[in-house]
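To begin, one chain is listed below as structure tokens, in the form predicted alone.
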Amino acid sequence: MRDNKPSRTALKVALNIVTLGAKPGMENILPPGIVQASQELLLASGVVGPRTISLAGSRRAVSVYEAFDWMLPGQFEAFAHRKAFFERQVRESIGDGANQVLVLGAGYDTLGWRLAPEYDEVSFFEIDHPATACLKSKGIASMGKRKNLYLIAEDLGKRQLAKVLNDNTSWSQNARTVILAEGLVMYLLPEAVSKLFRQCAEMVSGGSRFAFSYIPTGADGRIDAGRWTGLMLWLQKLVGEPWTWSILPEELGPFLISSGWEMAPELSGKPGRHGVEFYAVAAK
């Protein structure tokens, strides 16, 4: 995260969702309502204007994304699958008795805003850096607040997650919770990732789950984003949001156990790589 600057990655992901809405067949993958809600949020927050939304939602934008897909093969469509995966984890977890949802590094994601009215007995919490979260709060206020959606503007690099959550009187440490870290952990330093998973385990009850995506480590010990890894690492560093964490898939289980979680492959859905990422679910 660039100091006091809204996340470019969060904006890119939201615009990708708008563009995917113009790609034939994606309506069968993307969660219902996500494209329209993303458009409304970006406009209401003042992050972009109508012209940008119009361009992002055009077939021409689809062609541009597909033309550059060689850099990260499959990643463009993978954003749709990723959104569907995380929403499925939330719905399944609520069906299993969860009454709390925590979205870490929420960016301009609309899951909480869309699902809060449907699950009015569930509390939805989102945490993100103030530079991004304050813009999002402005947009949510314009779109219509949800009584059970709590937007928290906080830099978790400066304050511990436990203190941030305990400051919110609506948070329950004894509740069954589903935690989401979508496209987040690769931007954290190794020690920060370990701390995050440990703190999350301490802040929820048994029966909770933690869904996340990650980029794997390659045979050479470096982050493996495919053939053009070096170029992508350089580009991410250039925009001030470098990828700094990865893990070998076979080492993920021991890592989670050391952090207070266990692998839950039965909850992960389709195995394997999606674009440059793997999806995983841990259970407590």
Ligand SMILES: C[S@@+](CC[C@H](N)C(=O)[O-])C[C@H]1O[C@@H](n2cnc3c(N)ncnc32)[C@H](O)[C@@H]1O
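Sequential numbering from 1, following the sequence displayed. Quick caveat: nothing in here was measured; it's all calculated off a predicted structure.
As for the form predicted in complex with the named molecule, it is not shown, yet the points below apply to it.
Participant: Heavy atom to heavy atom, is Glu182 within 4.5 Å of the named molecule in the predicted bound form?
Facilitator: Contact check for Glu182: yes, within 4.5 Å of the named molecule in the predicted bound form.
Participant: Mark Ala106 yes when one of its heavy atoms lies within 4.5 Å of a heavy atom of the named molecule in the predicted bound form, and no otherwise.
Facilitator: Taking the distances in the predicted bound form, the answer for Ala106 is yes, it comes within 4.5 Å of the named molecule.
Participant: Test of understanding: in the predicted bound form, would Val13 fall inside 4.5 Å of the named molecule by heavy atoms?
Facilitator: Output for Val13 is yes: heavy atoms within 4.5 Å of the named molecule.
Participant: Applying a 4.5 Å heavy atom distance criterion, does Tyr187 contact the named molecule in the predicted bound form?
Facilitator: Contact check for Tyr187: yes, within 4.5 Å of the named molecule in the predicted bound form.
Participant: Tell me, out of Pro117, Gly74, Gly207, Gly157, which residue has a non-hydrogen atom within 4.5 angstroms of the named molecule in the predicted bound form.
Facilitator: Contact check passes for Gly157.
Participant: Pick from Arg82, Lys138, Lys195, Arg91: which has a non-hydrogen atom within 4.5 Å of the named molecule in the predicted bound form?
Facilitator: Result of the distance check: Arg82.
Participant: Out of 91 to 99, 199 to 207, 165 to 173, 126 to 134, where are the residues with a heavy atom within 4.5 Å of the named molecule in the predicted bound form?
Facilitator: Flagged stretch: 126 to 134.
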